[in-house]
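Shown here is one chain on its own, the form predicted on its own, set out as structure tokens.
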């Protein structure tokens, strides 16, 4: 069986720390430990006293309890803490795809689950979100795609790379079709809390008995370095997932777990910081895009520090971002990494001065490349 590489992560992992300015990230610039403790109203004494032993492999009781409170009807026995949402996705795919034949994925999306499905030998049936519909899916296409032989339906909501939040109508149709198929509903909610308008997107948890949701601290929380994610599942699926989890990373470290408790407990304060950054920075990016007088087409993102833009003419997106990396020392994400040639994902979660600097450096280069 052939292997599908994860092109986006290989690109970012290779270059994100080797460029002058990184605009490939989809979260806001990170909190420091001191800033997190200040937001939580803690000092560092407890942190410094922690023994650097193994932590509880599925997350401490305290952390799982804090996470469970975010999901109506959930208990700590529904929660598994993982090393980032990437490990949550991997362990879940390993669990679900062993017996699956067909998975429907709303796309474009973060391509980890798509690639894992292909690598586990599962047929991927994409339902494409439509730019002409404001990044909504065609509802009839959703109904046609989720057939009785569908085993898993995958949704990223809020969406990466578009920054779109699915409408109530789209959610209802996805749920109706998934229930009718008896399929698992696998929802990545990692951008929850980074909504520009300030209203947190409702979780899909509890909408259907075969629902599981993945989240983590990397995006809306601005804490990617803690490498804390989680998956909320029915307890019977959790038991199967833990069997796989034991074969991967065993568990997160006690320092990360300790800080994650504070982050989840005080997430409203952290989300306020995130939304301040997004609402300050997006107008800077929007003004820059508008200055090209029609060269770019986009829908303003509703969530996240990402804007997905289509450009007119010029080189392929793979060629464009490589030229920008070499010539301007700035990292962007090509649409080809989402199976969307002719598009770019622009991150705008950097410190505002740094974002302005990057856009100023990009302006002449982009004008030349799109000429």
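Numbering follows the first chain given and starts at 1. Predicted, not measured: the structure shown is a model, and the values here were computed from it.
Not on display, but discussed next: the form predicted in complex with a small molecule.
- Proximity to the small molecule in the model of the complex, defined as a heavy atom within 4.5 Å, singles out one entry of 270, 86, 129, 74, which is 86.
- Proximity to the small molecule in the model of the complex, defined as a heavy atom within 4.5 Å, holds among 203, 95, 281, 218 only for 218.
- Residues 164, 297 and 343 are none of them found to lie within 4.5 Å of the small molecule in the model of the complex, as judged by heavy atom distances.
- Shown alone, this chain has one stretch from 100-108, 187-195, 254-262, 137-145 that lies within 4.5 Å of the small molecule in the model of the complex by heavy atoms: 187-195.
- In the model of the complex, no heavy atom of residue 317 sits within 4.5 Å of the small molecule.
- Although the partner is absent here, residue 26 is a contact residue: one of its heavy atoms lies within 4.5 angstroms of the small molecule in the model of the complex.
- In the model of the complex, none of the heavy atoms of residue 238 sits within 4.5 Å of a heavy atom of the small molecule.
- Within this chain, residue 274 is remote from the site of the small molecule in the model of the complex, having no heavy atom within 4.5 Å.
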